[in-house]
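Take a look at this single chain in structure tokens; it is the form predicted on its own.
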């Protein structure tokens, strides 16, 4: 046993040491017979291209100690994936199949297996698959980088003509992400998604090397999460008893995501987007992701003074300038009420216990002045010289320390600083403990945020809002009386047109920034708001457009000469979408099959 342990230790040291290139490499090509998505930073494949059959006893061997249970789970999962591989490329790969040997195993060595999954963790890896079969090797600094490498390895395999899985041989990959934050935001406040749909989405994210699931849990329409300290919020605020996320559900999502190297960042938006529903005499107005809405009122007299404009029609007289909310569902938390802070404190305490990530999204966007102005106590405050911005700052100054005291960095939407009507001073949200997420005015607002010294997450609605271009959900809209009313580029959607995968792929999130300013951009997120999305259409709305952002943030959207590479990316994304469908993700097609079988014939320019 001691001798075996000694041999194992020597093997780990050998894998961890710099190794000479074991195969005849050539310069990276723009495309290979089989490709990886996102495109690796550096990949070479010896010519003539070859592949080796996968042994029926193939396995992934993790030789690093101490054991990381998430890495062990990933190794088992990718072993099954490879042995069960059914993907057959539309265009048969032109490779030489090595029939005299098989690939027996992938040996994984990690230098820091205990490194926690957190923002900025090292996700780099090096993968080598020899021409001679036998054992492929994967080296990474952390378990999370090793997971990225195993994903790359899985995408280099396909089902051959003999129904046997084969894998590219003579390959070397050296890879690491450009941006540490590559996320997807899913809104479960407007539409409830069963846990299974969330897990499938997170699994697809891992396949695209995305690493942040931003869970926009609640919004004006529902409060679907059960919180131990405030059980009435879900009891009265969820759409139904079977449309709530229990503590067990949350734990399942967090653990599932962790096993795939995906962090889960919760958002309860407040004070500005409350939930307002009436059940059995209770009027509940909440908004846990923006600082403007939380209110409970009923026979027990719970929190009648914690919310303003609850239950009122959102757009009085149809006048946007007098709106009580950005969309149906009016009600905002009252910063003057002590009860507001009792509720928010309980919410933050519960969420930081349920979600271990070091980011906490506190929302604070789209505060409607008209809502606060309907409240008598706020009216009196304004009459005595107070301002709406002072009200918001009062709320943020009280709640920001609640977040940071839990060893969390607070994330807010850009509005908290940039909104023209209601905003806070920079001193209320210190850059050292605050990240701002941009969504409006494209690169202009990103520049304003980083120029002020804040780290930025980019989610520009002009590029990354996946709900745009599907019209609006408001009923009784007389604008359609005019047959030409939605013939413009917006198509009835405030953020139209529809964001195609090429629009998403082409966006440079650091556009217009100086080199120093660009260092404050930590990454981006595509956003799936769900006014018109449910489980039936979720996959197609998200994929493969989210995959386009995933590659742009992993290895960029330009080739070695600095040219945008969306033309070259088309065939690769076509193939990746096909593989995702085979993995159970109902991703939308990007072209007819005819195009893939006739390279270049579907281009806009020859």
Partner chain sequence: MAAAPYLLPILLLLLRPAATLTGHAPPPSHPPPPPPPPPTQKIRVWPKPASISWPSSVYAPLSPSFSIRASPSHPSLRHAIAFYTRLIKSERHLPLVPPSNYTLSLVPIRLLALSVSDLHIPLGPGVDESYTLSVAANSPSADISAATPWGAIRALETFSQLALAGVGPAAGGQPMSFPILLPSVPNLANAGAYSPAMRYTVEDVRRIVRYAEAFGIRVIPEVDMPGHTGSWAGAYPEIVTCAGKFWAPAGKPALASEPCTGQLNPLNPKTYRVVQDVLRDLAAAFPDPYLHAGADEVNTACWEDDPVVRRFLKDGGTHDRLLELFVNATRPFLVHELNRTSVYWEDVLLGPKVSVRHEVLPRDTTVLQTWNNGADNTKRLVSAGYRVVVSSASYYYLDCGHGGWLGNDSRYDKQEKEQEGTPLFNDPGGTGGSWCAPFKTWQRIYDYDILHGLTEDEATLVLGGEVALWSEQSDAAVLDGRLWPRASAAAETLWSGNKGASGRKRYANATGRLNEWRYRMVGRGIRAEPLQPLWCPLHPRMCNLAQ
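Numbering follows the first chain given and starts at 1. The structure presented is a predicted model; accordingly, all values stated were derived computationally and were not measured.
A second form of this protein, the form predicted in complex with its partner chain, is not displayed here; the remarks below concern that form.
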Residue (of 496, 160, 89, 370) lying close to its partner chain in the predicted complex, criterion heavy atoms within 4.5 Å: 496
As a check of understanding, the residue in 338, 471, 114, 431 with any heavy atom within 4.5 Å of its partner chain in the predicted complex should be identified as 471
Heavy atoms, 4.5 Å, its partner chain in the predicted complex: which of 52 to 60, 34 to 42, 65 to 73, 539 to 547 makes the cut? Say which one. 539 to 547
Please run the contact check for residue 243 against its partner chain in the predicted complex: heavy atoms, 4.5 angstroms, yes or no? yes
Is residue 314 close to its partner chain in the predicted complex, meaning a heavy atom pair under 4.5 Å apart or at it? yes
Hey, in the predicted complex, is residue 572 touching its partner chain, heavy atoms inside 4.5 Å? no
Would residue 592 show up as a contact with its partner chain in the predicted complex if we use heavy atoms at 4.5 Å? yes
Taking a heavy atom within 4.5 Å as contact, would all three of 534, 564 and 602 count as contacting its partner chain in the predicted complex? yes
Partner contacts for 135 to 155, taking its partner chain in the predicted complex and a 4.5 Å heavy atom cut-off: none
